[in-house]
Ligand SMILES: OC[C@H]1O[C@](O)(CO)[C@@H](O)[C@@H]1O
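Quick heads-up: it's one chain on its own, the form predicted alone, in structure tokens.
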Amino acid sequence: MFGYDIGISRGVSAMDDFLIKFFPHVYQTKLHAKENNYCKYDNWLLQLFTSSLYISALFASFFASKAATKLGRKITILIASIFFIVGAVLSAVAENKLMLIFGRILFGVGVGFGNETVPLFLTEVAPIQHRGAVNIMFQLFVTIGIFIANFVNYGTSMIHPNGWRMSLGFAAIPAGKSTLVKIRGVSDVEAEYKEIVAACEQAKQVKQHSLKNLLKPASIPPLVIGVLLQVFQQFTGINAIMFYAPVLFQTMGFKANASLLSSVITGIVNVGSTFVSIYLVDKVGRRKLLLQACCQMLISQLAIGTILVTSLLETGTLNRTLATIVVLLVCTYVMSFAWSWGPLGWLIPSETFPLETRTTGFAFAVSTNMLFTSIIAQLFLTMLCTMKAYIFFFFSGWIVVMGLFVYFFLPETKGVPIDSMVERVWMQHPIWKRLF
């Protein structure tokens, strides 16, 4: 559902029928033959259509943290499904901006509850040797949601004038079905069952002061890392590309349907590359994937920026060859993100917090992710208008900072039980051990 919304938002915001109904000024600006390539979609209300979901998800994640602790993981996930259904239906039948944005806000509550609970649940139930791969299934289905949304948008863009309603409304179908999903067990669970019972007994002894506990030495390293991973994940520039890929491709000279088709291609790359992460994360570890991706993303971003700075003027388009090269570079960029910063941004915070602060600490990570996602969603088109192609150099600078952070501050957590992180990870790390 999270992935479907990311993909649907970027496609719907580029559909003419949608713009005519809700953002006619943007549509008229888009039609101007000599309009600035980088500024024709710069409209704060259009950006609010995307960012409002993440703002509401930010606040919802803290309520979800309480719900996950008091009501349990499963009920919290079911609550998320209800908000998904209502938000999707309201968005699809919207007749004015208020209904549209309110539907997005409700959908955002579903995102907040789902993103807070699902990664935690997966990490807690997974065997140690497969914990990374199981948790990355979350990101895999995010990418599948994006991929499906790209196909839906490509099809509904040809249905006038209400194709966009179909795109938004289809979100209610998988959300409804998810409420029927049941969790199956396996036969050989005795050892893990005993560990779960012991953890539950330990949890009952924990005083309900998780915010205060977050300031204890054992929680500071995972809190700092969990929050900064979310900041860095967004400042890779990934959501700028994933939200607005059709807009970017239109800026480069692709026609409307061609830009949506290019988004389908990047969606295929996104899904396929996530399988690479599932296969490698418990073999090579978290750090190597993150560092390798920083190098690949940096090269891709610098190359895209260089081509656009030298070849895409404020009016006109790229020639066919350069436009194709840019799409390929976007694919190599998406590829590296999909097997690293995308899934590991959720995995690492979910496995590093101690028991007494796990749900609250992860809520801080989720809310940070939603905060910076909403900032990028709200500001990207304005940044594109102001910075033009140099925006890719802006994100490149952040990728350098991310790589240095991983190299010096992020320990390897592959194969470490989640309740042994303090002794086996933080107290052994050359920097973080100073807190103990």
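None of these values were measured; they are calculated from a predicted model. Sequential numbering from 1, following the sequence displayed.
What comes next is about the form predicted in complex with the ligand, which does not appear here.
K.L.:
Can you tell me whether the pocket in this form is open or blocked when the ligand is overlaid from where it sits in the predicted bound form, based on ligand atoms within 2.4 Å of backbone or C-beta (3 or more = blocked)?
P.N.:
Open, since after superposition no atom of the placed ligand lies within 2.4 Å of the backbone or C-beta atoms.
K.L.:
Since exactly one of 293, 330, 79, 238 fits, which has a heavy atom within 4.5 Å of the ligand in the predicted bound form?
P.N.:
Filtering the options by heavy-atom distance leaves 238.
K.L.:
Considering 135, 352, 270, 117, which brings a non-hydrogen atom within 4.5 Å of the ligand in the predicted bound form?
P.N.:
None of the others qualify; the residue that does is 270.
K.L.:
Are 87, 91 and 170 jointly within 4.5 Å of the ligand in the predicted bound form, each by at least one heavy atom?
P.N.:
No.
K.L.:
Residue 8 versus the ligand, in the predicted bound form: is there a non-hydrogen atom within 4.5 Å?
P.N.:
Heavy-atom contact with the ligand at 4.5 Å: absent for residue 8.
K.L.:
Given that the partner is absent here, does residue 164 sit within 4.5 Å of the ligand in the predicted bound form, heavy atoms only?
P.N.:
Output for residue 164 is no: heavy atoms all beyond 4.5 Å of the ligand.
K.L.:
Quick one: is residue 142 in contact with the ligand in the predicted bound form, heavy atoms, 4.5 Å cut-off?
P.N.:
Within the cut-off, so yes.
K.L.:
Looking at the partner-bound form in the predicted bound form, is residue 360 within 4.5 Å of the ligand by any heavy atom?
P.N.:
It does not: once the ligand is placed as it appears in the predicted bound form, residue 360 has no heavy atom within 4.5 Å of it.
K.L.:
Of these, 120-128, 142-150, 360-368, 92-100, which stretch puts a heavy atom within 4.5 angstroms of the ligand in the predicted bound form?
P.N.:
Among the candidates, contact is made by 142-150.
K.L.:
Heavy atom within 4.5 Å of the ligand in the predicted bound form: which residues of 339-367 qualify?
P.N.:
Heavy-atom contacts to the ligand in the predicted bound form: 342, 346.
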